[in-house]
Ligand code: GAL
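A lone chain, given as structure tokens: the form predicted on its own.
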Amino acid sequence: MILLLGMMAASMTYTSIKSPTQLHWNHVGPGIWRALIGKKDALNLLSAADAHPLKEGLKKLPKIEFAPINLEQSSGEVFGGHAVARIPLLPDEKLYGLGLQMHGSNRRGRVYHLRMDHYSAGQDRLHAPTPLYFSSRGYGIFFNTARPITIYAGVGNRLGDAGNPPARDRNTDPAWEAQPSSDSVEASVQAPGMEVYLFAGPTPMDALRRYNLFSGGGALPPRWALGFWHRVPLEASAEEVLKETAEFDKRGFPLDVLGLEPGWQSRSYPGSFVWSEKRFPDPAGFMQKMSTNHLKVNLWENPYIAESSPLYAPLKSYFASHTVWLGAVPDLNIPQAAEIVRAHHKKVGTDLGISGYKIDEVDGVDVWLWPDHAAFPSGIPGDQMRQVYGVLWQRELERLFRDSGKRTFGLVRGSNGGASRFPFAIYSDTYDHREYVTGITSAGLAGVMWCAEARSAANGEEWVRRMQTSVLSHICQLNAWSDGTKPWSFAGYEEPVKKAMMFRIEILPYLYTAFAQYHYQGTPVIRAMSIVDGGEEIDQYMLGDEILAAPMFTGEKTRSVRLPKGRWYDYDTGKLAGNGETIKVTPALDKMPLYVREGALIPTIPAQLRAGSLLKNTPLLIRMYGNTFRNGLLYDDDGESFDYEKGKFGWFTLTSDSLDGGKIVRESGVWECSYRTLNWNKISKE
């Protein structure tokens, strides 16, 4: 046996390790470069999202004629069944992003196995495992692959690399390190090749803007979507839903969207995709009553089809080899299958006036979703389909509403790269309040939006603080599907909750303008401090251009807030809070710590019960902070259709001396100007 092994070893041939090849970069857009390693996958993140650059927005970003890194130090190879990219790093660089992360800020010094899944305690399995990072040096890198990817963020030292630190003797040198620093980011994917995109700054925020605009621009939701959302209990009937909406109005709580959970269908897990005759015997009549009351309806769906569903037979040739909860999985990468799905949703949804969908369970967990080796009729491997399945559903439902001429906003459990333009926010079954706030801050770095939904709480204080966080998120939602919680469920705490909900309505013009900036300019609505000024706080963030939000948590009476450079004022009182310093605040339970830059003009409206039914004569209240005012910004369009894509929109510049027709009142340091109605077709075009 020993002799045989020796003979085998002698007969083996070995391959010498070659150095990776320098990447060849092509300039493909303003401040954007592309490199290809090996052969491009037929299905990648940009193709799955059907992403096309918003060229007009890209043209308005700062002109960059040279790459922000030494491209000669980048390399790539296809070896051992893997495509590998290597991007240089400088010693002082910090890295941000790498998906919708729930912990920390700087991603350098760790290995990330980015994979689509229901979020768990780690940093690898994520609702949005977007392979995208931004450097503190002012650029971004996007790996355009729809396969699970591993990223070595400043980890892994190549033999003979000039950037390696000196090798130390652990026996004698106390400076010995278990993890020597690396001078590169390496990304590895099991595929025949991979596309890599580089987005220049000059700032990290500019790089993020380029990424969003290259993906088609950010989502611009309808105006009603920025109001309050309430999801009713699992098996609520039409009669019970109407009764619940009446209770909101009776108690004076704002409401714009009703979410119907699995019980709207005749069966679920897997679903029938048809209305329950028992709970909703007259869907058209129900929808008419909701419309009359200026309310929108969002339908929950688990996108796996029961054999009894009318969708099953026409889709039978397009199902995957495995099921989810015994429901068939349609392959939406096949155009015929996608068309069948859209046609059915039109018949039972948009034709009746449904405003949007909540797409559940497109992320994981392993024991729920199909196995990696599952076969799909389009030929896409199961593990690759898992990375983009939520993106494919967003793509088809967005197209459905676009065909109807009405904008939508919805919820989804999984998304990925290239999907910035889709009007869906990610939600989760993760309930830790601090993680929800981190999700709010990090979502923009992954090119997605986040819904910090509230469900219930251990006590009234926690309930108030969770609801305050919800109103400072992309979608403001209470999800009462499991226990029937209402905003007023905690006796004695109704008023702080109502105050927070009304604040959401009051700042609607400011929020809508921030979403317009997301669409036209690529700037996220909610911005992590890391991308704003290099800060590493994950429990505070910028909401639009001017407002700094610092949510409070249960049991926390005092917290620290770092104010960026400049003078900042308390939103409520208008009093000076600080000047580029860290302050300690002790807010009352009914107060959200919110701070406004000096010179800001914040457009608001009087509180009301419906955001979506605003009339053109709704007055604007312009809140002005400090004594030296800058120009404020206001965007407007019809709030519902796609006419803004035809030029029917406007930007209005607010100044302290041009608010003609208004009355200025000084109150606690806040200037309020009741302004005449603005008409979008009279506002100056962008």
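Residue positions are given as counts along the sequence shown, with the first one as 1. Everything numeric here is computed off the predicted structure, so don't read it as measured data.
Here the subject shifts to the form predicted together with this ligand, a form of this protein not shown in this document.
Quiz item: Which of Phe376, Trp300, Tyr96, Tyr211 has a heavy atom within 4.5 Å of this ligand in the model of the complex?
Solution: The option sitting close enough to the partner is Trp300.
Quiz prompt | Residue (of Ser309, Ser74, Asn333, Asn479) lying close to this ligand in the model of the complex, criterion heavy atoms within 4.5 Å | solution = Flagged contact: Asn479.
Quiz item: Is there a heavy atom of Leu234 lying 4.5 Å or less from a heavy atom of this ligand in the model of the complex?
Solution: Yes, contact at 4.5 Å.
Quiz item: Is Tyr304 one of the residues lying within 4.5 Å of this ligand in the model of the complex, judged by heavy atom distances?
Solution: Tyr304: no contact with this ligand in the model of the complex.
Practice problem: Report yes if any heavy atom of Tyr269 sits within 4.5 Å of a heavy atom of this ligand in the model of the complex; otherwise report no. | Solution: Tyr269 belongs to the contact set for this ligand.
Quiz item: Using 4.5 Å between non-hydrogen atoms, is Lys358 touching this ligand in the model of the complex?
Solution: Although this ligand is absent here, Lys358 would touch it in the model of the complex, with heavy atoms inside 4.5 Å.
Practice problem: Name the stretch, out of 214-222, 258-266, 102-110, 400-408, where some heavy atom lies within 4.5 Å of this ligand in the model of the complex. | Solution: Heavy-atom contact with the partner occurs in 258-266.
Exercise. Determine the residues of 398-415 with a heavy atom within 4.5 Å of this ligand in the model of the complex and present them in sequence order; the list may be empty.
Key: Going through 398-415 in order - heavy atoms within 4.5 Å of this ligand in the model of the complex - there is one hit, Arg413.
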